[in-house]
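Below you'll find only one chain, the form predicted alone, shown as structure tokens.
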């Protein structure tokens, strides 16, 4: 599964805003310069993030953008879905609002789709990884220089651990 540059650049934008949490609003020009990203693309992304209630804007000479809530209360599933829409590993795969999976192949016949179990597991794994990662985690990782994956938090349960 590939995410587009919307997700990559949007997450980088959010991390940059997270680095300045509590400070004055950050201009998109500053983010574009610091992250070496195209300003016009960031303008498009920040509009989606603002609509999703993840960032706030402030007009004026000292205007810019800031997080709408603390970084530890923003998970990456929210961010990616705001930028990419529903996360689906296959075109035929559609998560319904209740978290169940509907497959367009099942609608055509009376038997289950042979690959539904696989794509359900893929979707669940991606969603779990994104929802289990907060913006604060990424800000902290970036502040540490990004020298490899973060150490696991022993207070959090690990899937498959006995």
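Keep in mind that this is a model prediction, so the values were computed, not measured. Numbering follows the first chain given and starts at 1.
Omitted from view is the form predicted in complex with the DNA, to which the following refers.
For the options 70, 53, 63, 132, the one in contact with the DNA in the predicted bound form, meaning a heavy atom within 4.5 Å, is 63. Using a 4.5 angstroms limit between non-hydrogen atoms, residue 124 is distant from the DNA in the predicted bound form. Within 4.5 Å of some heavy atom of the DNA in the predicted bound form lies at least one heavy atom of residue 44. In the predicted bound form, the DNA lies farther than 4.5 Å from every heavy atom of residue 113. Heavy atoms of residue 32 never reach within 4.5 Å of the DNA in the predicted bound form, leaving it off the interface. Along 27-43, a non-hydrogen atom within 4.5 Å of the DNA in the predicted bound form is carried by 27, 28, 38, 40, 41, 43, in order along the sequence.
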